[in-house]
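Below sits a lone chain in structure tokens, taken as the form predicted on its own.
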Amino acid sequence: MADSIAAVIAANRFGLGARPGELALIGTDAREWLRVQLRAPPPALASAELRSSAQILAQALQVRREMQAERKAQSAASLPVDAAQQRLPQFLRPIYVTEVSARVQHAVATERPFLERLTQFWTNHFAVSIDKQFLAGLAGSFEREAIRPHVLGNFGDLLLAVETHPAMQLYLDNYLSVGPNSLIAQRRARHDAPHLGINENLAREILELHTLGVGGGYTQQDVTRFAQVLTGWSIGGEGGRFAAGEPGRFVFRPEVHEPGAQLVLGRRYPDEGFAQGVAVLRTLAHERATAQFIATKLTRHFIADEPPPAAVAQLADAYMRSGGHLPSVYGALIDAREAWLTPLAKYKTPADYVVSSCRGLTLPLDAERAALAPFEVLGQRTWQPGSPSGWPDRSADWDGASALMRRIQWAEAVGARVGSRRDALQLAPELLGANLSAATRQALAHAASASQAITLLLAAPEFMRR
């Protein structure tokens, strides 16, 4: 494999798209360029405006209480309640905009794009969606607090951080789950109060989407028992369905925890309160099915829509040998022969397309709204996959005719904005390297204007793929 092709693959398949000068920086040892990015601790996003999940959720709960009080007062006075209903979205929207802006600016400017792609991979693996209440304000802090610090650590630690984060507890409603034989359930039964039951959402998604995967060997009975184990995992708030304690932080509520030992996947877990759930997660993190599932998803994301079995096995073996040490798995990915084959077959998602365009053209994203608009226009609004399964990762989900037309229209707008301030013919080899085709080079050379040349560069087939 020619070194020039390896640099293109490293920058585009493993990274977020080449910036001017980056292919030359990668040089003749593309694998080492990737490995270096895994050796330092993950950086925090640089923005003084970013707040913690606890702060955001505590304020959001207060806003909701005020909103409910206002609605009652307005209803009693026979006044419209529209203004009260908008208070929570008005509070959360600026937080979302600030978080997206910080994330996009980091992706466009980072000198460790492989690490950032891995971060975004894990955020999508452990997906939450902003169409659920409070999540517009928490999705960004969830990524910053639960994902980023653990991307270069052990999968078991990442898994525990994710499942105990308030965003995941809220998204999958685990804070509402009550053991049928818990102290609270018994108390309510004595007073003939309505029964509060088990919620299986979190348990099911941990097994199906976060660890073992579909076909990973679990049964519905395992889901139910695991859901009982997870009762009591909750969030501090204003009381009621939230726990007493510090608002916005994860707490364990022993009074709603289902007592007794539980048998999950053939293994008995004694009732140790919060530690019972931790023990199940630790077991799941070390299962061969989990290694296989994660290896398959990583291989699909970085190599091909149909993951090569040899590469999947290589990553799964690295996972099992290392006990889930993620840098060891990434190292196996870097070493996989299939990861360096041409042509570049993965079709860029809208998010990849936007970020690679901004990196390649060194476009500033000063205005916060500017960081949101292209993702919404192209159909991949940040942190809104719409389901716990996350955004799809196959070309067929993104390469339809209407989606391609939206990309071309966006490329035309970018070309008009950039005008003659970028030379597409000069940029093309810097961004595409040895992957630049003669047809694209000729099209750029014969473009009617500098802005049209930029459009043609962004619309080129080789720019659309990684």
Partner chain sequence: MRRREFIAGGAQLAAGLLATRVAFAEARGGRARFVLVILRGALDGLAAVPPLGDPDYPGLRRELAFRGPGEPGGALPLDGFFGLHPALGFLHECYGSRELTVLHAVASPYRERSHFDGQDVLENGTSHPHALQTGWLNRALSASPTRGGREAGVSLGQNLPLVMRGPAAVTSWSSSRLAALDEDTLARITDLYAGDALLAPRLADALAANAIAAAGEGDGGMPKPVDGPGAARGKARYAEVVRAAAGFLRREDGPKVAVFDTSGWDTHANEGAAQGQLAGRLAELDAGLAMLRTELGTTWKDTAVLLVTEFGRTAALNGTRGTDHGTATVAFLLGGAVAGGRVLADWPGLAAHRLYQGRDLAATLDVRALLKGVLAEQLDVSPQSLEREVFPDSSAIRPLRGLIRA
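What you see is a predicted model; the values in this text were computed from it and never measured. Positions refer to the first chain, counted from 1.
Same protein, other form: the form predicted in complex with the partner chain, not shown, and the subject of what follows.
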**OP:** Report yes if all three of Pro43, Lys72 and Glu145 come within 4.5 Å of the partner chain in the model of the complex by some heavy atom, otherwise no.
**Re:** no
**OP:** Please pick, from Ala275, Ala310, Val214, Leu263, the one residue with any non-hydrogen atom lying within 4.5 angstroms of the partner chain in the model of the complex.
**Re:** Val214
Original post:
Which pick from Gln133, Gln186, Ser389, Thr342 sits with a heavy atom within 4.5 Å of the partner chain in the model of the complex?
Top reply: Ser389
Subject >> Segment assignment from 399-407, 417-425, 44-52, 24-32: heavy atom within 4.5 Å of the partner chain in the model of the complex >> reply: 399-407
Original post:
Ala443: heavy atom within 4.5 Å of the partner chain in the model of the complex?
Top reply: yes
Original post:
Is Phe91 close enough to the partner chain in the model of the complex to count, meaning some heavy atom within 4.5 Å?
Top reply: no
Original post:
Any chance Arg241 has a heavy atom within 4.5 Å of the partner chain in the model of the complex?
Top reply: yes
Subject >> in the model of the complex, Arg282 touching the partner chain (heavy atom, 4.5 Å) >> reply: no
**OP:** Within 4.5 Å of the partner chain in the model of the complex, which residues of 197-222 have a heavy atom? Give them in sequence order, or say none.
**Re:** Gly197, Ile198, Asn199, Glu200, Asn201, Arg204, Glu205, Glu208, Leu209, Val214, Gln220
